[in-house]
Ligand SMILES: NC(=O)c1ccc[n+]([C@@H]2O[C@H](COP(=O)([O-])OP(=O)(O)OC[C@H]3O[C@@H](n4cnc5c(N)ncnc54)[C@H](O)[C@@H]3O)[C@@H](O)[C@H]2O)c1
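First, one chain by itself in structure tokens, the form predicted on its own.
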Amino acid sequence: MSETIMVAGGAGYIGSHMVHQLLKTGYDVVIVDNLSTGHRQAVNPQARFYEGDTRDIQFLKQVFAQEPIQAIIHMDAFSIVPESVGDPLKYFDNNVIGMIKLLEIMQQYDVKYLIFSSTAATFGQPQQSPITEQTPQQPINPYGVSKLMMEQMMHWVDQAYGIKSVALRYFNAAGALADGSIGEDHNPETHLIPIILKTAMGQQDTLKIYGNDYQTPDGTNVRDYVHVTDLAQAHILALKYLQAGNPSTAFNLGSNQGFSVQEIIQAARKVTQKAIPAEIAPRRGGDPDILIADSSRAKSILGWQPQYTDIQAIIKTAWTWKQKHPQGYQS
């Protein structure tokens, strides 16, 4: 009898890869998603799918009454930084209230394990690089604040009710399943690699580089990219860590190396063999200069070993998905 894991947000980009990895590892999977940003076509047919909102406690009760859920992987949050700055209440409502309701239902049904998709955005403009788990968390946008509030709630709920949790602070999730069957499809798309590949496909004329006056070697932002299947693997290891009786904690997940926007464009030109014209545009609000993870703690404690360590290999998987699905899940 395999364990039943609920993936909140399992129709989304990272969520769909998470579901794939869980099924491959032998888990029984329940997906809960309201499809506001996820895609029905991304829902794995081997999992049981419930369409609904995690803020709806009656809906959650129906799911928990039917399913023997033993742990929750929480990937159900809005995550666009500029949108969060323009509409903070939307982010606090969806992200924070959604977490409160999930924790309430976990308490009611005595579910003791929660693996949470947190983010490097909780660190804000860090004074040190690479970023460790001890780096002060001082978010500079409502998205980062909402995720930090969710982490803090988990801490106090553990103290009060013994619900054990791991917060996994992702850096930039990238890539797709190697066979191109599922991948990244956001509307609007705000992530750099898919936007570059859109330009490579000729779906837009030029790529905008937002700012070239950052405190970095070539003036463009530096980010740490981690492959989406490596992220999924870390969640399974984090679940096993909790089930072994270990205390609640947090881990940074990244590649430990930073690439500037210009370097990513160059790598994509090599992978796609396309020109990819680019132009400089004004900076966007809330963008830190450099974000690079120190993931050594996840490697030593969880035994996490990312399989994708080469940026061109990561981009290649995203390009396979893009070529197979030029219009995303619509095609």
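Only a predicted model underlies this, so the values are computations on that prediction, with no experimental measurement involved. We number the residues from 1 along the sequence you see.
Below: the form predicted in complex with the ligand, not depicted.
With a 4.5 Å cutoff on heavy atoms, Ser79 counts as touching the ligand in the model of the complex. Among residues of the shown chain, Tyr143 is one whose heavy atoms approach the ligand to within 4.5 Å in the model of the complex. Using a 4.5 angstroms threshold between heavy atoms, Ser255 stays clear of the ligand in the model of the complex. Among residues of the shown chain, Pro306 is not one whose heavy atoms approach the ligand to within 4.5 Å in the model of the complex.
Among Lys112, Lys198, Lys90, His191, the residue placing a heavy atom within 4.5 Å of the ligand in the model of the complex is His191. By the 4.5 Å heavy atom rule, the three marked residues Gly9, Tyr13 and His186 all count as contacting the ligand in the model of the complex. The candidate stretches are 49 to 57, 22 to 30, 295 to 303, 269 to 277, and the one lying within 4.5 Å of the ligand in the model of the complex by heavy atoms is 49 to 57. Heavy atoms closer than or equal to 4.5 Å to the ligand in the model of the complex belong, across 116 to 137, to the residues Ser117, Ser118, Thr119, ordered by sequence position.
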